[in-house]
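To begin, one chain is listed below as structure tokens, in the form predicted alone.
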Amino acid sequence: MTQKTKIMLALKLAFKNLMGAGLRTWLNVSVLSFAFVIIIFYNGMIDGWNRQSRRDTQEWETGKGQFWHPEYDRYDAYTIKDAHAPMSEEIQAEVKKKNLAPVLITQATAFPQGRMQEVIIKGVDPEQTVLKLPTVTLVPSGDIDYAIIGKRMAESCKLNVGDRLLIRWRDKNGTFDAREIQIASIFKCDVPTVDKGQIYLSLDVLQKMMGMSNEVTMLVAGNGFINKDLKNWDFKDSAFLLADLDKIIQAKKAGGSIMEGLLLIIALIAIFDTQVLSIFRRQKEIGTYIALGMTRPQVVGIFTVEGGAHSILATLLGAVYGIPLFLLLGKVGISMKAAQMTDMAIAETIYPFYSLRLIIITIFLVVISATIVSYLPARKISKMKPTDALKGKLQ
């Protein structure tokens, strides 16, 4: 009997014994397939959230990168007062080409419905196309200064389109001033940092209010801008601007991996127990295999393949009910309305993203884990004496 024939025989015996186990096999396969589907589902949901959040944040806030005034720090409100500088001719030329969107930032106090609320006012060029903000409605009309706000801001201040809002600010000389602005439009945005506590005015209007002619706090780069070295401005790339989001995603994945690991361990323990019981009950069969000329490694291989085959069947079974489920979720999405109450950039509906890499890694993880767990009890076979195994004596 050739080596190839022995291998084929070992594989046939392994699958025959596996199918002969009946209900015990399918219980193990069902538990393992559930863990397999859950791993793909959770990671697909997180990856889908990550893709949507990064895309929304770039479209609404960060663009392809930002140029900050050296004094500006988004985590320190006290830096806003001195974080502004004039735009050079080079910058103004890029602004006209719609490659850069200038933004002037200042602190202010709003008085909605007679209440007082601290806000951030951002002056944005009404003609900019870098960000998704509906700034076209900010074009002044007569003596009216228009503003746009997000849905969250409108709900917290109980404001509607057409309402007037009194704001008070301090100009560059430290002098307080106040005026009424009119809400031109209310936009819906899934990025809280663009919405909550934010009021957007025309850049020209805010520069006049602050006494900062031609000055801005930051420049948001669009797709057409490739120069990352503007004199006197610090460039912040997407990796820096989206670092907080990346940390949240990593934390969610780490938390989910605990649940996934527990499910996988439960399935692997079931396979391990099954293999231990199988070796205990089939000692005479093991002795017969060895007496017929099979080497101990070949017999160990039979039992290892039997256990590892659980993962193959689990993958196939998981595909039977997992693929329709994933296709349905990819079409209708997963509602996340409750999560929108937090400060995380998350849409009302998340559409999971199941990459080929995720599926391959998950299959590899399940197959390798099941094979290793099956091999551990099968090692006992290598220490058995054929005569004792034929008599059914315990080792």
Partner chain sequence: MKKIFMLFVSAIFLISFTNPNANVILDKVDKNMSSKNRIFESEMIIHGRRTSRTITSISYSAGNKQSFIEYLSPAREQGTKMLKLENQLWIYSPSTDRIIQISGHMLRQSVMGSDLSYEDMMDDRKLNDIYTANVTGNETIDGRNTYVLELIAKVDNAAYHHQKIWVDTERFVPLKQEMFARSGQLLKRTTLSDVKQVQGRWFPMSMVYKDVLKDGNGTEFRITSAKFDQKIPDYIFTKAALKQ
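All of these numbers come straight from a predicted model, not from anything done at the bench. Residue numbers count along the first chain shown, from 1.
FYI, the form predicted in complex with its partner chain isn't displayed, but the following is about it.
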query	finding
Listed residue (Met116, Ala239, Leu325, Ile144) with a non-hydrogen atom within 4.5 angstroms of its partner chain in the predicted complex	Met116
In the predicted complex, the one of Asp163, Asp171, Glu127, Asp234 near its partner chain [non-hydrogen atom within 4.5 angstroms]	Asp171
Answer range among 218-226, 75-83, 312-320, 181-189 for contact with its partner chain, defined in the predicted complex as heavy atoms within 4.5 Å	75-83
4.5 Å heavy atom contact, Asp177 and its partner chain in the predicted complex	yes
